[in-house]
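Below, in structure tokens: the form predicted alone, a single chain.
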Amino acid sequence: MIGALEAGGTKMICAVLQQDGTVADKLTLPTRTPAQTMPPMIEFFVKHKVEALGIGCFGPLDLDEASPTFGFITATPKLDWRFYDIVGEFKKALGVPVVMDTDVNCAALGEACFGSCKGLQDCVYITVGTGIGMGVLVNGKLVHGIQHPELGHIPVAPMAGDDYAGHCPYHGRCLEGMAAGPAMRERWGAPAQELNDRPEVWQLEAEYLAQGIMTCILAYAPRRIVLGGGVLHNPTLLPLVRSAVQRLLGGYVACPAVQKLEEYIVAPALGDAQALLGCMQLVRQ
């Protein structure tokens, strides 16, 4: 039995998976402070006697094994979790191997192994929700350098007439600061799910997401891009994003895959299970 933890900024999803990926049990908790959130998660995994634990976590994370803070959540905007040794605490409590990557990297791995990118060595998973993150798989391996990619914080050019200052406490008008769920709520005065009947909301959202996707295409040349997260529950957004990406690229990327954006920028194939399955695959690797 393999433990999987999708540690998100809003909620924690704990699961126990059998070797074939079947979920044997699941526990969902709101993300509060470590003192409130860790004990019930530890209890869940101890109860199921997991043999290993894979964690897909909100970041930034320290994934450098040579670093003194390896396995820590680092400079996160979630202040209660800043520089928290999440891997170390689970290792100490469970006494089993614990591996971790970002939640979006795990989602990318899940889609690459079991979902819409199965069989592809190069793909990107983008989630748009409480934050914006991009998980990057190149030559079949998740990308790490001095840390993991943080493409949610790339600068974006403000659209004409948009004087919104941005929600990100670090960068203001970065992609996440302009297009994540909290930015939408602050700019428009309501959460994304209550704005479905306002086309101007989704056109603006598509324009900012398209800037991020264009950067991603030019930087990594992925063979497919998966676009997920709570904000994508509006069915009009994905077609608007494809149209905006096509316009921004201006014909510069002429390979056949990018000529069929409905097959190149796609929705997740695994519902909400891609990160948990990615955590399982992380343990296997």
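From a predicted model like this one, the values you see are computed outputs, not experimental measurements. Throughout, we count residues from 1 along the sequence that is shown.
Quick note: we don't show the form predicted together with a further copy of the same chain, though the next part is all about it.
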{"property": "4.5 angstroms heavy atom contact with a further copy of the same chain in the predicted bound form for Gln211", "result": "yes"}
{"property": "Leu142: touches a further copy of the same chain in the predicted bound form, heavy atom cutoff 4.5 angstroms", "result": "yes"}
{"property": "a further copy of the same chain contact at Tyr220 in the predicted bound form, heavy atom, 4.5 Å", "result": "yes"}
{"property": "Proximity of Ala160 to a further copy of the same chain in the predicted bound form, heavy atoms at 4.5 Å", "result": "no"}
{"property": "Contact stretch among 132-140, 107-115, 194-202, 94-102 - heavy atom within 4.5 Å of a further copy of the same chain in the predicted bound form", "result": "132-140"}
{"property": "In the predicted bound form, the residue from Leu29, Ile42, Leu240, Val258 that sits within 4.5 Å of a further copy of the same chain by heavy atoms", "result": "Val258"}
{"property": "a further copy of the same chain in the predicted bound form reached by all of Arg185, Trp188 and Ala269, non-hydrogen atom within 4.5 Å", "result": "no"}
{"property": "In the predicted bound form: members of 147-177 within 4.5 Å of a further copy of the same chain, any heavy atom", "result": "Gln147, His148, Pro149, Glu150, Leu151, His153, Ile154, Pro155, Val156, Ala157, Pro158, Tyr170, His171"}
